[in-house]
Ligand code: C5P
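One chain follows as structure tokens, the form predicted on its own.
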Amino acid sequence: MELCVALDLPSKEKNIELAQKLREYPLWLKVGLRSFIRDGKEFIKELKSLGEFKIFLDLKLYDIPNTMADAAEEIAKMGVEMFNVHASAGKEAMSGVMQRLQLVPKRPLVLAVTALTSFDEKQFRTIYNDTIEHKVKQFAKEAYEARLDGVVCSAFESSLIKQITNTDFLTLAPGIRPFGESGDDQKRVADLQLAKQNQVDIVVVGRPIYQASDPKAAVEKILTKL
């Protein structure tokens, strides 16, 4: 497994400060909606100048196929190593993204979001009129057939997704509470042991790191368990 640290702090300065503390480690850094809307492309450049970080741009693209393809091409130009789209945008849209990225000399990895980890079964059914497991399987198959590199899912669904696609099909699991910390607003959370058992490739950890009294020590402790 690899570790991805979520840069979800309330200011660019605090995110940069956290990244500087962690620059010696081989990490993914997740830049989400809040940080990207506030700090933009220059923030990505600044993070990449700090060290050998790999950047995961977590914008969850969801639009008509051509607009998603256009956006994907612009993201690729930023030099990030990975970004994501919503699987519920449909197979046509996902395929269009991958076709457009064939024009890019060095394309980033592309993942599809299946079911947000903030959903429980009741909330998910209200929106999708289906169970999480059934819909996640459908979304994962469509993403795989559209030639994406993997999916964003909870740790609970990771091994199932690999069974119906391929063991090399990446799974990235947000909502990880490494040592059983509070789930906060996340419903389907897991610890590192469960993530490893379910063959998760990349775990995303946010608050247990950046709210720790010593974020560097927290990262070191997590890395020993991967």
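From 1 onward, residues are counted along the sequence shown. Given the structure is predicted, the values throughout are model-derived calculations rather than measurements.
If you look for the form predicted in complex with the named molecule, you will not find it shown, but the lines that follow are about it.
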Per contact check vs the named molecule in the model of the complex (non-hydrogen atom within 4.5 angstroms), the hit among 62-70, 170-178, 155-163, 44-52 is 170-178
query: Do L22 and the named molecule come within 4.5 Å of each other in the model of the complex, heavy atoms counted?
result: no
**Distance check, L18 to the named molecule in the model of the complex, heavy atom within 4.5 Å** = no
Exercise. Check whether K216 has any heavy atom within 4.5 Å of a heavy atom of the named molecule in the model of the complex, and answer yes or no.
Key: no
Check your understanding: Could you tell me if V204 has a non-hydrogen atom within 4.5 Å of the named molecule in the model of the complex?
Key -> yes
Near the named molecule in the model of the complex, with a heavy atom at 4.5 Å or closer, the residues from 1-27 are A6, D8
